[in-house]
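Before any questions on binding or motion, here is one chain by itself as structure tokens, the form predicted alone.
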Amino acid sequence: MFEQLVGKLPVGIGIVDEDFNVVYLNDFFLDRLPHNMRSCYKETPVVELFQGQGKFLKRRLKSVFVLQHPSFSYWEQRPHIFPFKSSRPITGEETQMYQNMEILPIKDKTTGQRLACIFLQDVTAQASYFRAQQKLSEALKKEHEAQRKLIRKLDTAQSQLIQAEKMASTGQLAAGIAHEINNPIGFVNANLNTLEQYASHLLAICDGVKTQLEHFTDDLKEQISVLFESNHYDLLKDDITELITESTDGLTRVKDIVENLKNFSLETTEGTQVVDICAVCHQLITLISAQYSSPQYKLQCEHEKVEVMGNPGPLKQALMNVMINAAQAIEEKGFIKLTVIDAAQSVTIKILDSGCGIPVKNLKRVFEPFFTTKPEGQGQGLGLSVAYTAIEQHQGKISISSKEAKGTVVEITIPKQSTAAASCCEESEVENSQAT
């Protein structure tokens, strides 16, 4: 009765002797053997009976006999030890059986013979469920990663949009302030010109009085001489003209800065248009040097005018961001050299600074949105990211090479007429021809 029960169990049970010959197999094993071997399996070497995994079984059996310890093999490590099929209970579909195997050392109590008992469990349903869950988990993980990247892109786009709106409103504000500053500059400059004329007349009067001193009485001559000396006339005469000249020059510089700020910040037209890179670089140096005076600035252009087709707002913003980074990299003394190279189909702008440089570990991340090495509150990490996006929109390229404690070179190459600009021009020509 016990042998019948063991024979009908839904698990595989087999017994092997120390010579690796099969002693017993229950129905689970027998039903899956070829018909010609079901009646003569006994005393058959396990390597011959199960040729596919015979060597693996023999190695596991040997370790059990030698160590007298159980041996385990789970489907995750070796899914199909025996070449059996497993049918699904509902559909009846047959698939390769996933198996868990355990080999236990046993001993025949009557003869003392050492044997090994093989327990084999069909875990196809559990393995299939686990695999399905694993695939679902991987799909969810990929979807989550895709969503995370999308959210990151949306965050970046939103930040750049906010930055663009901020720059647009700042440009309008700067233009308004520039207009308001120009009014007092105008009348102060006019007053200085009048003051210069008044000063020249007063100095002429004083010089005339001085030349006529010998014709005055001694008392009057002495009083006038004392008056000149007590008011330091010689010093006033030498200094007043230079002071007025310096003030006039200062006002002229302020006027130039304000005018450059107005031209740089506010565009009268939008979209793709002709942009003079040399003029933009001149304006840029004037503005940056007013805020960061420690570096020495040098602009080198091959030609007086180098033009490209592009959107002036993003181009100016890109160059401004790179220039500000260069200026901030120089703590005390140094230089920034801006070179414009005109080629047949493109324009290259090189911005070289003698600043602190960029560590090698950070070079690959400088264009990442929100990446910054500045202290908290001093930078959002969007400057170079915005510059990269602007140059990319113009089908251009931007690259950075740097040596720590030596300096940095940023090279920007922009096609003179990008694909987007060319398509805009073609549409304009079509519209004009249709209108004609």
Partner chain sequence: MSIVLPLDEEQRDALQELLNISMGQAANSLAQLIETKIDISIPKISAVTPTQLYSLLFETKDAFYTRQSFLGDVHGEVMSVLSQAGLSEVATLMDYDEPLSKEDIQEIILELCNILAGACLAGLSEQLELTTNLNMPTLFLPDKANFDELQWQHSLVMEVQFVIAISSFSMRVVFCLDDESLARMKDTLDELLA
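Numbering follows the first chain given and starts at 1. As the structure is a prediction and not an experimental result, all values here were calculated from the model.
Heads up, the form predicted in complex with its partner chain isn't pictured, but that's what we're talking about next.
Peer 1: For the chain seen here without its partner, which of 54 to 62, 391 to 399, 365 to 373, 29 to 37 has a heavy atom within 4.5 Å of its partner chain in the predicted complex?
Peer 2: That would be 54 to 62.
Peer 1: At 4.5 angstroms, heavy atoms only, are 187, 197 and 201 all close to its partner chain in the predicted complex?
Peer 2: No, the candidate spot makes no contact with its partner chain.
Peer 1: Contact with its partner chain in the predicted complex for residue 72, defined as at least one heavy atom pair within 4.5 Å: yes or no?
Peer 2: It does: once its partner chain is placed as it appears in the predicted complex, residue 72 has a heavy atom within 4.5 Å of it.
Peer 1: Does residue 255 reach its partner chain in the predicted complex, with heavy atoms at most 4.5 Å apart?
Peer 2: Close contact is absent here: in the predicted complex, residue 255 is far from its partner chain, nothing within 4.5 Å, heavy atoms only.
Peer 1: Taking heavy atoms only, is residue 145 within 4.5 angstroms of its partner chain in the predicted complex?
Peer 2: No, residue 145 stays farther than 4.5 Å from its partner chain in the predicted complex.
Peer 1: Check whether residue 80 has any heavy atom within 4.5 Å of a heavy atom of its partner chain in the predicted complex, and answer yes or no.
Peer 2: Outside the cut-off, so no.
Peer 1: Of these, 207, 238, 76, 302, which has a heavy atom no more than 4.5 Å from its partner chain in the predicted complex?
Peer 2: Looking at 207, 238, 76, 302 one by one, just 76 meets the 4.5 Å heavy-atom criterion.
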